[in-house]
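There is one chain below, alone, in structure tokens, taken in the form predicted on its own.
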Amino acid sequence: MKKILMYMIAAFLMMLGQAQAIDANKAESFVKSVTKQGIEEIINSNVSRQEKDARFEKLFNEYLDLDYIGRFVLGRYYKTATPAQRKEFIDVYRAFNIKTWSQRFDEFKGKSFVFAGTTPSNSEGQLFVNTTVNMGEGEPAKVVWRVKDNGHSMKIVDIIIENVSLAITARNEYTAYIKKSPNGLNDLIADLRAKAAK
């Protein structure tokens, strides 16, 4: 009986290991697809800034979970926000990031991402996909993609460049902004809207 139980446990652990390996491969393939599409169809494309922004918006909306990221970066303020404030923040946060990253990703023009496997995450259903980018000078830049599998699709929920998490950086910045502003979250929303409009 003990031997049968041990075999069952061993088989179960093997299944878990196989599932984890499949998830890792799936996540890496997902990020490869995103970076390939971003570089070939947006960054390296010879189209207008307006068209690049439109393509980047499509890429962001399809592959990034900006609702999830928006909730994370607001932290405890998301719980106290009204439904209208939540929607308004997510909408303006989405617009601001599309505009910002559409321009910032031009730094990767003519570059390619080299994939270096995955790293487990402490968060359920998430893992890190590791990449490097040769920027031409010095050591290659490390870019890590935090990927979340929600069961029917994969989404990027954070990008960590040279050990700096964009989501955590935004969370710290927004928390400090809300704390010092007379109108709190409403002031942050107005500030992001103004920046997105520039």
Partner chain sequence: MKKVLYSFLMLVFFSGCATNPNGTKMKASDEQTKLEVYNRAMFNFNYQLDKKVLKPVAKGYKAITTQDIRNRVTSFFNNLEEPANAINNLLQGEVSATGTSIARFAINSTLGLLGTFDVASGWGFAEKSNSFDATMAKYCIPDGPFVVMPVIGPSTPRYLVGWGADSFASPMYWALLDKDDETWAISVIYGATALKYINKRAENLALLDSLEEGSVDFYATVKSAFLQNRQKFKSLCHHKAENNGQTTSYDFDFDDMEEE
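No experiment lies behind these values; they were computed from the predicted model shown. Positions refer to the first chain, counted from 1.
There is another form of this protein, the form predicted in complex with the partner chain, and it is not shown here; the text below is about that form.
When the partner chain is considered in the predicted bound form, Val47 lies well away from it, no heavy atom lying within 4.5 Å. Among residues of the shown chain, Glu51 is not one whose heavy atoms approach the partner chain to within 4.5 Å in the predicted bound form. Contact check for Glu107: a heavy atom falls within 4.5 Å of the partner chain in the predicted bound form.
When contacts are judged by a 4.5 Å heavy atom cut-off, Glu62 does not count as touching the partner chain in the predicted bound form.
Checking Ala141, Val34, Ala167, Ile43 against the partner chain in the predicted bound form, a heavy atom within 4.5 Å turns up for just one residue: Ala167. Annotation: in the predicted bound form, residues Thr100, Arg146 and Asn163 each come within 4.5 Å of the partner chain through at least one heavy atom. Interface residues of 183-198, taken as those with a heavy atom within 4.5 Å of the partner chain in the predicted bound form (partner not displayed): Leu188, Asp191, Leu192, Lys195, in sequence order.
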